[in-house]
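Take a look at this one chain, the form predicted on its own, written out in structure tokens.
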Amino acid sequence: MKNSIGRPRSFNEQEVLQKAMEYFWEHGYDRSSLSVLLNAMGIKKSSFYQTFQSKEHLFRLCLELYTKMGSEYLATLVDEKGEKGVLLYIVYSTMEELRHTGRAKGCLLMNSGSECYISHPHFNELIHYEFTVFQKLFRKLIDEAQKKGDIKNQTSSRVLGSIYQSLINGLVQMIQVGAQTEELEAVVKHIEDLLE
């Protein structure tokens, strides 16, 4: 009896997973059919099932990857911009994206939470868990900035972080529904004042 040995993978799993993450981020879960995902990822159906098992499992891996990449990237910016600078960078880069592209992709976790909350509740626990990773990161940035005196506002980092995240996500939603520039700039100013 011959041993059945599969062919070695001809693709980089991490790169392919990142492509899937970008596609989900752009189009959402429901609008990402397997056929278009395969095309975006550049792999065949047999390789997909062998490596990622299902669209649902792939989506879970993408949410985890988004959190890992996002938190690692923000952490690398601290040396260059400082803790407060990183928090403001997220705000300013959102407005910059709007200026250059006319839209804002927002946060994959928030987008997925809005989409899946009712129609795919089995994702809710994972989305919440990944969201808490960013909550902890923002609280840590605020804590450090307060200790250094860069943020004078002494509201607890837990409360301040929650308000900050709410305003950031609200800013993205306002962009997505076509709010006027002066309205968006008022939100940005409020975030700046919050972090004074």
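Counting begins at 1, following the sequence as shown. Please read these numbers as outputs of a predicted model, since none were measured by experiment.
One more form of this protein, predicted in complex with another copy of the chain, exists but is not displayed; see below.
- Interface residue among 44, 31, 140, 148 relative to another copy of the chain in the predicted bound form, by the heavy atom within 4.5 Å criterion: 31.
- Proximity to another copy of the chain in the predicted bound form, taken as heavy atoms within 4.5 Å, picks out 126 to 134 from the listed stretches 32 to 40, 56 to 64, 126 to 134, 140 to 148.
- For the chain shown alone, residue 183 is a contact residue for another copy of the chain in the predicted bound form, at least one non-hydrogen atom being within 4.5 angstroms.
- Contact check for residue 90: every heavy atom lies farther than 4.5 Å from another copy of the chain in the predicted bound form.
- The shortest heavy atom separation between residue 187 and another copy of the chain in the predicted bound form is within 4.5 Å.
- Although the partner is absent from this view, residue 68 stays clear of another copy of the chain in the predicted bound form, with no non-hydrogen atom inside 4.5 angstroms.
- For a residue to qualify, one of its non-hydrogen atoms must sit within 4.5 Å of another copy of the chain in the predicted bound form; all three of 104, 115 and 194 qualify.
- Although another copy of the chain is not shown here, in the predicted bound form the stretch 129 to 165 places heavy atoms of 131, 135, 139, 158, 159, 162, 163, 165 within 4.5 Å of it, in sequence order.
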